[in-house]
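Take a look at this single chain in structure tokens; it is the form predicted on its own.
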């Protein structure tokens, strides 16, 4: 077995684990079961498309974390995690999608073998990968355990990025710049939407500046016309039409680190309301960015954005941003803080978020969004893509 090529140093993984253990101690948690694949990757380096079956990283109060999952995926763990093979455990395949037995029975045996069955065990209760059946199985098979909701515990440790993480996000930002440049170059009236999305994918995966592109946690969102009044529609084989707007919500990705960015294309001359919406969004974003600096609160950005938007005659009833970084499908957000009123997260240098001031109009939508890094003195757009509407004849 060859030594895995890690995305980060062992010292960085050790620092992450120590940080998480401090949070565990503060919450009175003896053992943490981590089932979010992004959190698993952040703690150990594990990277595989195996999150459709049950898997976890188990972190005790001392020692190396344990990787647990399907036996065939244990081979992938040996090639991607920083721990030695004796910390990798695979369950046999009869547990996979079998109504008569559940993989959590095997996890319960592993936890008992470590002597952790009587402690207070934290679970990520509200993430996409931990099911009600998994919870019930653990309750049944670890009757002595005391359970705690540790949802978001690891996510919050990830909010301030290391220098290497920021480097990876800068590489992802260069990739999304290339993706948007591809849209500008290729999109013309009559082009089928799926063909344009294929070009976007090609740009995304070939990468930029010598760095390859990883797969995104969300597929390209590219609705046109009336479909663009909705937030999360994808694509079909319809043709791009003169007189319609299409927004492209896409992300460059490098080693699972995401730089999402949206831009809006209008074929033909945009109506005045689109120009008014464009101007309002750009001015409101500028106001928000003035509040994006260490020591301020996330709600400060939202208040500055929304008050400016309202003054210019527009309203947005959803949050205008959220934390981003390392992620796996189905979401590229970190699921921690949001840019909205009453979110009082204190901004720190090294935080990264998607400033997402999308507007949905009565006959279309306009998205001009940015991946943003909080610096020591303010904030920086990670991308240099022109912010204005892209207008083509």
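This is a predicted model, so every value here is computed, not measured. Positions refer to the first chain, counted from 1.
Keep in mind that the form predicted together with a further copy of the same chain is missing from the display, and what follows is about it.
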Within 4.5 Å, heavy atoms only, one stretch in 89-97, 306-314, 278-286, 157-165 touches a further copy of the same chain in the predicted bound form. Which?
89-97
If we test each of 242, 140, 194, 114 for a heavy atom within 4.5 Å of a further copy of the same chain in the predicted bound form, the one that passes is 194
Is there any non-hydrogen atom of residue 129 lying within 4.5 Å of a further copy of the same chain in the predicted bound form?
yes
If you check in the predicted bound form, is residue 133 within 4.5 Å of a further copy of the same chain, heavy atoms only?
yes
Can residue 84 be called a contact residue for a further copy of the same chain in the predicted bound form at 4.5 Å between heavy atoms?
no
Close approach of residue 236 to a further copy of the same chain in the predicted bound form, 4.5 Å, heavy atom:
yes
For the three residues 215, 330 and 340, verify that every one has a non-hydrogen atom within 4.5 Å of a further copy of the same chain in the predicted bound form; reply yes or no.
yes
Taking a further copy of the same chain in the predicted bound form, which residues along 73-108 bring a heavy atom to within 4.5 Å of it?
73, 75, 76, 79, 80, 93, 94, 96, 97, 98, 102
